[in-house]
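Listed next as structure tokens is one chain, alone, in the form predicted on its own.
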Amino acid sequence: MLDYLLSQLLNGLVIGVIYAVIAAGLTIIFSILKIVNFAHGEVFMAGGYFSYFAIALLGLPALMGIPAAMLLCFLMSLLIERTLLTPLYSPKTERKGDYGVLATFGVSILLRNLALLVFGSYPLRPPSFWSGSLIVGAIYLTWDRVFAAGFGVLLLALLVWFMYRTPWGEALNAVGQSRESASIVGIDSTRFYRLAFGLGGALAGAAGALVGPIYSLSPSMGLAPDTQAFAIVILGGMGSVPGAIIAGLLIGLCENMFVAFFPDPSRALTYAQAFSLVVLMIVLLVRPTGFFGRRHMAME
């Protein structure tokens, strides 16, 4: 029983890291642009497919599929931002939050159906990053999961360093706090809106590439992680990158430990995501702003 619980704990950490990478990207977009990106899960899905075809068609090594997916998702996000979200920066646009929701929701539907048309409904699985399994006693964990967790932690560490230790990250934080104040000191807000949307897309693409060898790729694969990412962003505190990371790890652990202790194993996975929402509601009853939440205003 102890070995089973340890296995679930380790798997929960792996899933938690993936959730944290997805939610961190969503948090950056919300923090800077002040909109909820409903297409984030589809960018995650696209990252998995980009990685797969970069490996299958271009003959890249499996590990190179991750930077390829990040680059392509970054460029795709820039295209979405430049073609659909520029009205957010115009003073003539009213109810910018509503416009952002409708625009990204439309992109979500478009990308999902486009993937279904181009890639088909049959699941695909990229080759493993690292074949074999880590076996310690009765604990069994595939090397793909170990690699995904390690690479995810590296991405999150680099993200925190970028956001809080580089001039570009400090400029992003400044734009997120006040566009007018940032403009006074010479920061081009529109430029950093673009960077935030692209960076969020790159993180989602990396997460999609990391889970490809663990699970399978399908046009609907972004629906569940996207829902969890929204819950994680709220739980960690709207706009807080460290909060999203901590909340992602917590949700991943809670889901897997719930599965471990639930008396009916056949239904445990079905209820796991609902249990994470219960955790969210309990925390919000005690702390309505989440772990590190702060007051946010709509885009000026």
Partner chain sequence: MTRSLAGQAALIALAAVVAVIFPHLVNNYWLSVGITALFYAIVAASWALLVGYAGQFSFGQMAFVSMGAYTSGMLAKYYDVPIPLGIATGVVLCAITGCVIGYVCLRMRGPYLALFTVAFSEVLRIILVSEAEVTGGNGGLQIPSLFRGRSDLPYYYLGLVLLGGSLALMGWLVRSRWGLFFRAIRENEEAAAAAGVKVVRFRLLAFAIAAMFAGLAGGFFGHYVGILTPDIGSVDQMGLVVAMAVIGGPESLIAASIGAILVEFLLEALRAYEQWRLVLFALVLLLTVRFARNGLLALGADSVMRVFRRRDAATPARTA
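Residue numbers count along the first chain shown, from 1. Rigid core here is just the name for the largest C-alpha set that superposes within 1.5 Å across the two forms. These numbers were taken from a predicted model, which means no experiment stands behind them.
In what follows, reference is made to the form predicted in complex with the partner chain, a form of this protein that is not presented.
- [ ] Verify the contact flag for L57: yes if a non-hydrogen atom of it lies within 4.5 Å of a non-hydrogen atom of the partner chain in the model of the complex, no if not.
- [x] Output for L57 is no: heavy atoms all beyond 4.5 Å of the partner chain.
Open item on the list: When the contact criterion is heavy atoms within 4.5 Å, does V14 count as touching the partner chain in the model of the complex?
Closed with: Answer no; every heavy atom of V14 is more than 4.5 Å from the partner chain in the model of the complex.
Task: is_contact(W143, the partner chain) in the model of the complex, heavy atom dist at most 4.5 Å - done: W143: no, not in contact with the partner chain in the model of the complex.
Open item on the list: Can you tell me whether I234 touches the partner chain? I mean in the model of the complex, with a 4.5 angstroms heavy atom cut-off.
Closed with: So I234 counts as contacting the partner chain.
TODO: Using heavy atoms only and a 4.5 Å cut-off, determine which of P123, P87, G132, G137 is in contact with the partner chain in the model of the complex.
DONE: Filtering the options by heavy-atom distance leaves P87.
- [ ] Considering the partner chain in the model of the complex, find the one stretch among 124-132, 143-151, 202-210, 108-116 with heavy atoms no farther than 4.5 Å from it.
- [x] Stretch 108-116 is the one.
Task: Sequence-ordered list of residues in 85-100 near the partner chain in the model of the complex, where near means a heavy atom within 4.5 Å - done: T86, P87, T93, E94, R95, G97, D98, Y99 sit within 4.5 Å of the partner.
Open item on the list: My question is whether F275 is one of the residues whose C-alpha shifts by 2 Å or more between this form and the one not shown, given a fit on the rigid core.
Closed with: Yes, F275 moves 2 Å or more.
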